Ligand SMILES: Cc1ncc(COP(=O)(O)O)c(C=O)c1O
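Given as structure tokens, the chain that follows is alone and in the form predicted on its own.
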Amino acid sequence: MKYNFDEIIPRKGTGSIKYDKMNVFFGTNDLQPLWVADMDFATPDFILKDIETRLSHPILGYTMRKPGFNQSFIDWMQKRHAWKIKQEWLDFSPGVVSALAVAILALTQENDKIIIQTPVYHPFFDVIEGNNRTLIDNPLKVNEKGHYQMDFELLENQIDQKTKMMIISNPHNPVGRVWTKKELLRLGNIAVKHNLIILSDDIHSDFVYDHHQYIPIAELSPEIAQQVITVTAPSKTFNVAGLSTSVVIIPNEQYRELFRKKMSTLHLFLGNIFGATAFESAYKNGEGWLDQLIDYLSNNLDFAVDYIQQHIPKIKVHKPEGTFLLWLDFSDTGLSHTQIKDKLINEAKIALNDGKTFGKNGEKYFRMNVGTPLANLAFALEKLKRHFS
């Protein structure tokens, strides 16, 4: 069937963080929200139907995840990404960030060093520093064309005996890189050499455009797989983040048992009925819907990038290789970071993510979510043009 991604669906008053909590982060709710990375598209009808079917049963007691939960994911990853995953590798988490936190607690000690590559998804900072680990910043390098790359030389120099772990984002949030096999292989070999555990946040793995290809780092070799914990979810892909259901892939048996023990200690292993139902439904039935969504998002990204380059040249932007997020560079506006932020909120009336929350190299950058009907996106871009051209 043909899905309608142009439908404008009112979300105010639904408890949406993106819409109903802007006053906490921006001081007002009178903004167009293009910040939180959930989409303004209806959750697929087949997911809602399966949830309704489960809801028709009058008892919502403690419920296990059925065998189809893991199998649906295994089949999806094999078909979409050519990654052969074994049943025994899989575990559950209520969220990707929760899984990162549990892995840190299970596999490292206080004051151990953990590396991140900024600018990067801001909860990475929280799960490291909030658990009394030492954060090591390995900033991404950016060339004159705005292309981000890993700094492998610096990375090797930063690793010492206290460095136990590294968190990566693939595809990368917010810069939109889809790491290549060559890049991931080099990183994986460094991890093997230094016995470094890699936590790979792959939640945007289904959003890849043009000639790019998502490659799971754990798929590159058996040796690298033993150093990698991959975390993902249908949350972004099928717009079901509110159902708090993620999957953790741990090929290393020792790491897997330590992770499960910590999950049990924290009592985070049960999940919820509707999250499990949506998870299985999404991965069993979602290919056609996702293919149409990817086309729509790719067109949104092309439209936004073309519009900004033609009409707002003071803002620099490149089409991301993956995700549905734009990393906007306002450094040519001649304004300070504070002035840009004030102008966005008080004049353009747009809520974007503050680049500084992604790391100090996010100064004068702001993140825009294009996962919204084209009419919404066009309206926001017109406001940007009015106030920043």
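One rule holds for the numbers: they count along the sequence shown, beginning at 1. Just so we're clear, the structure is a prediction, and the values are computed from it rather than from any experiment.
Here the subject shifts to the form predicted in complex with the ligand, a form of this protein not shown in this document.
- The stretch among 256-264, 197-205, 220-228, 152-160 whose residues place heavy atoms within 4.5 Å of the ligand in the model of the complex is 197-205.
- The closest non-hydrogen atom of residue 236 lies within 4.5 Å of the ligand in the model of the complex.
- Using a 4.5 angstroms limit between non-hydrogen atoms, residue 121 touches the ligand in the model of the complex.
- In the model of the complex, at least one heavy atom of residue 95 sits within 4.5 Å of the ligand.
- Interface residue remark: residue 246 is counted as part of the site for the ligand in the model of the complex, having a heavy atom within 4.5 Å.
- Taking 169, 72, 108, 252 one by one, only a single residue has any non-hydrogen atom within 4.5 Å of the ligand in the model of the complex, and it is 169.
- With contact defined as any non-hydrogen atom lying within 4.5 angstroms of the ligand in the model of the complex, 37 is the only contacting residue in 25-56.
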